[in-house]
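Below sits a lone chain in structure tokens, taken as the form predicted on its own.
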Amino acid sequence: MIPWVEKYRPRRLKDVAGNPGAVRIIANWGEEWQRGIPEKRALLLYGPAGVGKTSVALALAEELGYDSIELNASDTRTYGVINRIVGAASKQGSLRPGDGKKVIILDEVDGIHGRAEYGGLRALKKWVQETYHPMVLIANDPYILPREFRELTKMVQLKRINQRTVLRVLKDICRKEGIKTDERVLKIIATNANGDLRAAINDLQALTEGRKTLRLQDIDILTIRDSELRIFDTLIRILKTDSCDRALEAVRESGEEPDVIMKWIQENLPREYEDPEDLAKAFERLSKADIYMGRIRRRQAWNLLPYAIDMFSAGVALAKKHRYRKFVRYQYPTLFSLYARTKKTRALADSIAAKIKGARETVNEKVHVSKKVAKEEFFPLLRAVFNQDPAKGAEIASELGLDLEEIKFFTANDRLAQRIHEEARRITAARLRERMRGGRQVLLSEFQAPGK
């Protein structure tokens, strides 16, 4: 079966999904080639995986009416191989009768870097300047390549494709394949793809294998591409670069909250920066960003946000004397792990604080303090009462409508918590009977005794 990413690959530039501005620049560069040889003979397309870099290059060849030759640059690293393969392709004519032009597409050019592959990069640099045919270089991270090499090319960035565009493409494929589905299903697939159109199309094909109807329950098997994938990419781009613009761009494109990015940087800085001076300078700038973020939270001074972002992105990136080229296994922030482990406890504390706080519109009108005050001032008192005077604790539990788990929050003694809970239920039941005997109307919400 033909993969849908190939079956529905755009044949013309106008059919390319997303990045309209970049596509116009590419089209204009192609028109320059039809008039002669432009100043920049090579195009350097860069961006994250799945945004259509190869598709744009192939569509350009179709648009110009040229043949296309695809090579993987990272597999042809040496000077001799680059000279033999790329050099020959850039000088020879086309297979198409009456037309000598072709588009040479080199993928993964950022795989040719470092001292070991310098010869290959030197050869490629030569042919980028001398090619008689349009040359399209493709990279995920072009800033790994030397600046003098990048300056020889026309650099065009392709950004992540927005969810609406991905959704539109998925709908069109479903229509052509005769697949009936709920739009909510396609929205979930588009969201999970995180701007990776290729991944979204692959997911759709996998989920519809052998069926013509796709239901909401059918996507349970879909692997969630969660924000961790984005944050790892953001970390690499900030910590591995020595470019101010590159670091700032990483934050803009991440889609993550600044607080989240800062915590990831804080956790992984010591793993990346080996030099103590680099590390000290980076943490100093991260601490300044934290000061800005604190003022933003306390005073709602959002005009300070650009300064915070500058500090924890460009500031941290430029704190090092040189780039570290080692591989680093970035770690999930310890603080997030702590949050995950204490999630249930924190939710329980919030529930109790809400019951202490009360609300004017309900029968549970209590003391009307904030949740923060309830936790700081009332929790210590309740803990003391529950452990030292269980009878009084039962009265309070009845009044607040605390369930067994909420009572256990204040005492580590499970038998004591059970006894207080049972007594609280008895007190609540007795109070309701008394009110009913007095002819007082009892609201339905008042029958909610402490939970089982």
Ligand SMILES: Nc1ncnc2c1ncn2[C@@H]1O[C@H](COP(=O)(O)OP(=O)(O)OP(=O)(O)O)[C@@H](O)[C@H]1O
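Only the largest set of C-alpha atoms that superpose within 1.5 Å between the two forms is called the rigid core. Numbering starts at 1 and follows the sequence shown. For clarity, every value in this text was computed on a predicted model and none was experimentally measured.
This next part talks about the form predicted together with this ligand, which is not shown.
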| query | finding |
| --- | --- |
| Selected contact from D310, D203, E249, D107, since only one has a non-hydrogen atom within 4.5 angstroms of this ligand in the predicted complex | D107 |
| Contact assignment for this ligand in the predicted complex, among L197, L170, M293, L239, heavy atom within 4.5 Å | L197 |
| Complete contact of I26, R41 and S351 with this ligand in the predicted complex (any heavy atom, 4.5 Å) | no |
| Options 26-34, 399-407, 49-57, 385-393; stretch whose heavy atom lies within 4.5 Å of this ligand in the predicted complex | 49-57 |
| Partner proximity in the predicted complex: V16 to this ligand, non-hydrogen atom cutoff 4.5 Å | yes |
| Contact flag, N140 vs this ligand in the predicted complex, heavy atom cut 4.5 Å | yes |
| 4.5 Å heavy atom contact, I112 and this ligand in the predicted complex | no |
| Heavy atom of S68 within 4.5 Å of this ligand in the predicted complex | no |
| Large Cα move at L416 between this form and the one not shown, threshold 2 Å, rigid core | yes |
